[in-house]
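A lone chain, given as structure tokens: the form predicted alone.
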Amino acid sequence: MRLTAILAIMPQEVNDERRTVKKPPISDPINLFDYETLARKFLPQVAYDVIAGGATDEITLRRNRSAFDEIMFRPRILVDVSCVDPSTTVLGQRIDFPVMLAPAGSHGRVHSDGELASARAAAAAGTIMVLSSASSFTLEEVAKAADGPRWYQQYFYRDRGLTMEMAHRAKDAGYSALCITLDSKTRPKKERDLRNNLPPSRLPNYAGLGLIENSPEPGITPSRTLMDLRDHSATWDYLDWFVSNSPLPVIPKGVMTGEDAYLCSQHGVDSIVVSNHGGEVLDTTFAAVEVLSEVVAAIGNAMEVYVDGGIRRGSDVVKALALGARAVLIGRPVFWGLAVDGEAGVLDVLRILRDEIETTMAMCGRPSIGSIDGSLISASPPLNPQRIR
């Protein structure tokens, strides 16, 4: 169902004397910012704030976005761009374009189909969904909803048996990699949620563990949160243990320095995600894209690198690839698409990004993902005051 079925389109009114036209409200979004505007109109304020909010003063949240605006293209001319191919591979899996769905909890807050709809959209778009362990449906239910490739996100828990149980559940359900979030070992201060007195959401993947987030179950008194299950004392030894015993490739998420990227490469992981959790964890960090080149330089060609945070345009994706990322992940735009039009909305968000990626590649003279490199971009304008008259 297109958005035109949801919003009434106001007729155009023309003033014969001034020849001015009153424009209708947004009917079909043409970019991700349109989707955000519509999602804000559709959602209760509390639900919108959960998606939009960041930690404390939200400086990093804003910086994630603004950092992309400081990166400029150096387009090349007279290149054959009659056939532009945005396809690539991640961990050997072909995807139609280098955008994946980031792990973000509780899609059910904005649409009743939640992650089921998101998974179907990702499969239809030819890309990977990374399912959050805090999803509104179990990992098994989401796996049955669509046949596309998928990864599973989890944490290091105090109970290592639970850590390995989650990993094997994911493997048994057909997930092909494990994304381990490492950048949030304590509860962040999201002030929008505190002011709104955010109600807890159900976490069906953790059913039976007595979490406050879940509805009370017979014989179990809820007494713990998901944060209580996570191992705040986890070190590199835990990562060694997990890599040695994991049934699937391991992808740490939350790397923000070259030092940690290098250590990850020495501890046997398969790839890494450069991420500051969308600005939701620690405020006043660099934007993820700002540290991307540092991370890539630290590990060389040892493994693939992905990045998330602030990506709203296909041109942002191309810039990230020019800085060394293999692919990017998006989080908030998925919620916007869901809120506006469910599965069709998420699919349209992905379509818009793919179209913009192809357009940017063609305009820059880079017809394939492999032709995108660091020479495509510059972080400062090529101005020489001595040459300006």
Ligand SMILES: Cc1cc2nc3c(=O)[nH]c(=O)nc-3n(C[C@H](O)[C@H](O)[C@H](O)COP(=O)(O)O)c2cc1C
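Owing to the predicted nature of the structure, the values given are computational and were not obtained by experimental measurement. Residue numbers here begin at 1 and follow the sequence given.
Below, we turn to the form predicted in complex with the named molecule, even though it does not appear here.
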Item to complete: Report the residue, out of 251, 102, 264, 289, that has at least one non-hydrogen atom within 4.5 angstroms of the named molecule in the model of the complex.
Response: 102
Worksheet item: Considering 271, 127, 205, 275, which brings a non-hydrogen atom within 4.5 Å of the named molecule in the model of the complex?
Response: 275
Worksheet item: Heavy atom to heavy atom, is residue 198 within 4.5 Å of the named molecule in the model of the complex?
Response: no
Fill in: Contact flag, residue 155 vs the named molecule in the model of the complex, heavy atom cut 4.5 Å
yes
Worksheet item: Does residue 181 make contact with the named molecule in the model of the complex, using a 4.5 Å heavy atom cut-off?
Response: yes
Fill in: Contact label in the model of the complex: residue 312 to the named molecule, heavy atom within 4.5 Å
yes
Discussion item. The chain here is shown without the named molecule. Which stretch in 255 to 263, 301 to 309, 169 to 177, 78 to 86 comes within 4.5 angstroms of it in the model of the complex, by heavy atom distance?
Written reply: 301 to 309
Worksheet item: Though the partner is not shown here, which residues of 117 to 136 have a heavy atom within 4.5 Å of the named molecule in the model of the complex?
Response: 132, 134
